[in-house]
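The chain below stands alone and is given as structure tokens, in the form predicted alone.
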């Protein structure tokens, strides 16, 4: 399903993979149905928000019954294109990059890091988590067929690498560097600064104490 054409709010779109993960787990456990309350307790999103999110897609459940797990699983697989593989490149095989390669999104059937790049001669030719590491100078040679890139390079190198990725027709970038890279409007970038996220968490702990209610953070 084309979420943008359906005018689904971005906050809702961000929560869909979270819902899918839990529904997939329920299905693996043989559970037949689930209530919005159970979903709420599992994914830490209030039940009213879950019902509103689901309402954008029509009648996914029945009042008094809840949601059919198998139907929801099928729906979210189709909505999130789980049957279509997305090939990913990782740029920067330092500590964080190495962790990504070892993990390689093993719980996601449709997302896989296929190749990695680094500037260190010591890493070139290695294989981590089954992913070959090439020299960054060979980026354009091996990036064909890749639509998404993960950036875990030093901040000062981020924009230059991003420029090369854009020229290589990358569609999306997951940027784990502190740099705020600039790309054309045709390329989507998600910035994830772990230091900023940690500082925000500490600030919220001090100034916004939880009162036992579930928060809708997205």
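Residue numbers count along the first chain shown, from 1. Since the structure is predicted, the reported quantities are computational estimates derived from the model, not experimental observations.
If you look for the form predicted together with a small molecule, you will not find it shown, but the lines that follow are about it.
Heavy atoms within 4.5 Å of the small molecule in the predicted bound form are found in exactly one of 94 to 102, 125 to 133, 67 to 75, 141 to 149, that being 94 to 102. The contact with the small molecule in the predicted bound form, taken as any heavy atom within 4.5 Å, belongs to 155 out of 187, 174, 42, 155. Residue 120 is the only one of 114, 79, 85, 120 with a heavy atom lying within 4.5 Å of the small molecule in the predicted bound form.
Looking at residue 181, you'd find every heavy atom of it more than 4.5 angstroms from the small molecule in the predicted bound form. In the predicted bound form, the small molecule sits within 4.5 Å of a heavy atom belonging to residue 194. Shown alone here, residue 162 lies farther than 4.5 Å from the small molecule in the predicted bound form, counting heavy atoms only.
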